[in-house]
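Below sits a lone chain in structure tokens, taken as the form predicted on its own.
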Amino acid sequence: MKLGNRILNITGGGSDGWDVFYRARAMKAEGKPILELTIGEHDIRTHPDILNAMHASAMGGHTGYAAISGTLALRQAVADRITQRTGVPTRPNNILITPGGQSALFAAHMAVCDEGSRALFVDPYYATYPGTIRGVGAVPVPIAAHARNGFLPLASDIAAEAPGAVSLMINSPNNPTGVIYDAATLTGIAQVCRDHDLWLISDEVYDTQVWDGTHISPRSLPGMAERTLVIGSMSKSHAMTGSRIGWICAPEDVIARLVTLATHTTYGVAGFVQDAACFALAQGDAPERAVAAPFARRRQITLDLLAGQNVVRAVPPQGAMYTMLDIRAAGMTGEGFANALLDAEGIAVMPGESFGQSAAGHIRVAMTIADADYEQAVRRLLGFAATLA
């Protein structure tokens, strides 16, 4: 029996980009001491107050089917949050609650792409992006954003691939590079979308982790609210990764269609998880700042250590929980360096090649272990690179 082409082709016939991560986890399972700087998983857990709210909701009986679009209370809370932070009036009917940001990315592309549609995205990219596009039957088309330009995509490069395309996906603050798209970059992107009638899918799950610069939601730019689908999530902002709670913000007619899709796929999100998310958002900005604070500290640790050597370079991360390090002076590919570092030092990082060809010769470091351990890991990483160079 043959499986369907969509599921067979999700990785495009190659690796899913997680090989070093899987190998590190296997070594750890064997009892080897591994310092993991791989995935974007906080080293703190969900705050007990949020868990208590989740428990109280479940014990109070909110364990049956919840509204497929999301509870009105949570959709209102998300809409109010977006209105306050972007200045764009947003109503509950602009919001669909989803089982995490990844589900939202898939649903957004399902909404705007047909079988065989050309769907653009920026390279470097989060590792699931091209597979998400293939999964809905569309054709992923990468737009290179080079280190020499600070990993910012050029409007001219997007415009060159825009004819015949239906959508463009961007991510700012960016995973894996830590770059925040500035006003000029976003203005250029918006112009291309308007000129070529593209849907813009804007992944903004790191919007609470901003260290340098300002996060701008492209939905707030002229003529963009009607063509932009924004992806949000509680995972990074509130350390609720395992709760699987996110959203799509889009025009009301798009959300109405996405509710139909959810009816035939996820059938909504657990009500007690939604109530916990609603409680978390009601606490304001302070919990979000507390969750983000360790990454701001570790960013500074990284920059201070980089300043003391001249082998490894970086575009200074402006947001998110990652640093993209240029290790080309060590004479290895990102994949080769990551594997060698794991074997020699017991330190696991992600190869840049896992995130696209524009990140070749780089590694992504997740700033996700305790400060002292993180500083030790980066020192050892830099020392290892120096021996190779």
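The shown structure was predicted, so the numbers you read here are calculated from the model rather than taken from an experiment. For every residue, the number given is its place in the sequence shown, counted from 1.
Beyond what is shown, the protein has a form predicted in complex with a small molecule; the following relates to that form.
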Can any non-hydrogen atom of Y129 be found within 4.5 angstroms of the small molecule in the model of the complex? yes
Verify the contact flag for K236: yes if a non-hydrogen atom of it lies within 4.5 Å of a non-hydrogen atom of the small molecule in the model of the complex, no if not. yes
Is R257 part of the interface with the small molecule in the model of the complex - any heavy atom within 4.5 Å? no
Since only the chain is shown here, I'm wondering whether G101 would be in contact with the small molecule in the model of the complex (any heavy atom pair within 4.5 Å). yes
Pick from 217-225, 148-156, 198-206, 80-88: which stretch has a heavy atom within 4.5 Å of the small molecule in the model of the complex? 198-206
Non-hydrogen atom within 4.5 Å of the small molecule in the model of the complex for each of L105, N171 and R244: yes
With the small molecule left out of view, choose which of N175, N94, T185, T302 has a non-hydrogen atom within 4.5 angstroms of it in the model of the complex. N175
